[in-house]
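What follows is one chain in structure tokens, specifically the form predicted alone.
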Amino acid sequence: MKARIIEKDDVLKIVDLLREKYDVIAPFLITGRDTYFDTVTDSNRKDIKLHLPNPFYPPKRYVFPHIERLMRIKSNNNNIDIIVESDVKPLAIFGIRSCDLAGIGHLDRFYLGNAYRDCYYEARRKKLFLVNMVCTEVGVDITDDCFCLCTDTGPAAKELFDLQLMDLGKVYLVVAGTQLGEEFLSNPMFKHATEKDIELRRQILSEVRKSFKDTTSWFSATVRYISRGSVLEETWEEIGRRCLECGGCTYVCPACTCFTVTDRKIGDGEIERMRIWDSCALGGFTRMAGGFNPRKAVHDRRNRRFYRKLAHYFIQRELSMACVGCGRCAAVCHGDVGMPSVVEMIRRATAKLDAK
């Protein structure tokens, strides 16, 4: 991989270059913890922030939209016309964190990694350019909710990016991860990196890794407990009692893939088919025809959620846990049953059982 450096005053020129070919999405800060991804325009370009708390609403929505029209179906004189949505514009996400990048990698394996490929997801993914930002600012980029070290997804991504930016203090180190990224680095504003720059990168990452709060060191044990079905029923019931069934944990998760499909009338003889994110936390998620719900109890749905994310079968199939260590679920959960808390609850309860 090619490595270059760029002056801090010039870093937004990368955005300008991207905008020549792509619609560009970047992170912005309002105040405090209120951060978001949005489209870059001439008026807001100067407000882009690279060091800020990771926005709660994950950028996965730009490749897997929250609400997406799949097709329109028109009836005319007993003829049926099906119009498939296919207008996808090239898009670049500037400043995507390593955890969110890993989330897109998980979606890649889920939607494109098996015999049946999702054509809607594939069309967006092929036109996506990703500029990863390495997290280095403790208390800003990295908070107590972050646990990407435990999922091996950060603070610096190892793959999936076209370009990667890392703050070295006075300059940014820019690394290309794809041929497309390497072509981008041919611009004269990028200067060759030295061995001193590469060594500084290693030193900064070594220090940054020491700053993470150790809350999920029992991840591997929890995978084992869940995979072999040895988690106590009373533990799942306690998790279920805490859950408010709001769905927040799934809607902010970069690796959740669940959706529902619905048709709705939009005109005389015309309907549209929509795909909408769905959540295993919601009571209607597993409700079947006739109203029967095999997972009516809250704790049974919580059981399924964490089994889906951590069981060996799914890890083997998709080559990773369906968790990227971003900490969003912990931050938004009012009942304190985000991933770190659940891992700790399962560890404690099962350790007591093993000790008997």
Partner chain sequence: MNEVENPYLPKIAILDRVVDEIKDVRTFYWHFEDQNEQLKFKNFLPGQFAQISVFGIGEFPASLPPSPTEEETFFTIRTVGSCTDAFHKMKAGEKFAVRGPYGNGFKMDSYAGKNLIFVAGGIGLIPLRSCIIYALENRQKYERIQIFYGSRTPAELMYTNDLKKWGQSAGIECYLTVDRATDGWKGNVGVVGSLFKKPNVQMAIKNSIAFVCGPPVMFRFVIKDLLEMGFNEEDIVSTLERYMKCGIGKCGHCCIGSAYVCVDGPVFTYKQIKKLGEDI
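Small disclaimer: the values here were computed from a predicted structure and weren't measured. Residue numbers count along the first chain shown, from 1.
FYI, the form predicted together with its partner chain isn't displayed, but the following is about it.
Q: With a cut-off of 4.5 Å between heavy atoms, is Glu238 one of the residues that contacts its partner chain in the model of the complex?
A: No.
Q: So, in the model of the complex, is Ser211 in contact with its partner chain at a 4.5 angstroms heavy atom limit?
A: Contact with its partner chain, no.
Q: Any of the heavy atoms of Ile198 lying within 4.5 Å of its partner chain in the model of the complex?
A: So Ile198 does not count as contacting its partner chain.
Q: Do Ala221 and its partner chain share at least one heavy atom pair within 4.5 Å in the model of the complex?
A: Looking in the model of the complex, residue contacts with its partner chain do not include Ala221, since no heavy atom lies within 4.5 Å.
Q: Out of His51, Arg45, Arg317, His66, which one falls within 4.5 Å of its partner chain in the model of the complex, going by heavy atoms?
A: If I apply the 4.5 Å criterion carefully, the residue I get is Arg317.
Q: Only one of Asp145, Asp162, Asp141, Asp278 comes within 4.5 Å of its partner chain in the model of the complex by heavy atoms, so just point that one out.
A: Residue within 4.5 Å of the partner: Asp278.
Q: Exactly one stretch in 28-36, 323-331, 51-59, 290-298 has heavy atoms within 4.5 Å of its partner chain in the model of the complex; which is it?
A: Of the options, only 290-298 has residues within 4.5 Å of the partner.
Q: Do any residues of 301-316 have a non-hydrogen atom within 4.5 angstroms of its partner chain in the model of the complex? If so, which ones, in sequence order?
A: If the 4.5 Å heavy-atom criterion is applied to its partner chain in the model of the complex, 301-316 yields Arg304, Tyr307, Arg308, Tyr313, Phe314.
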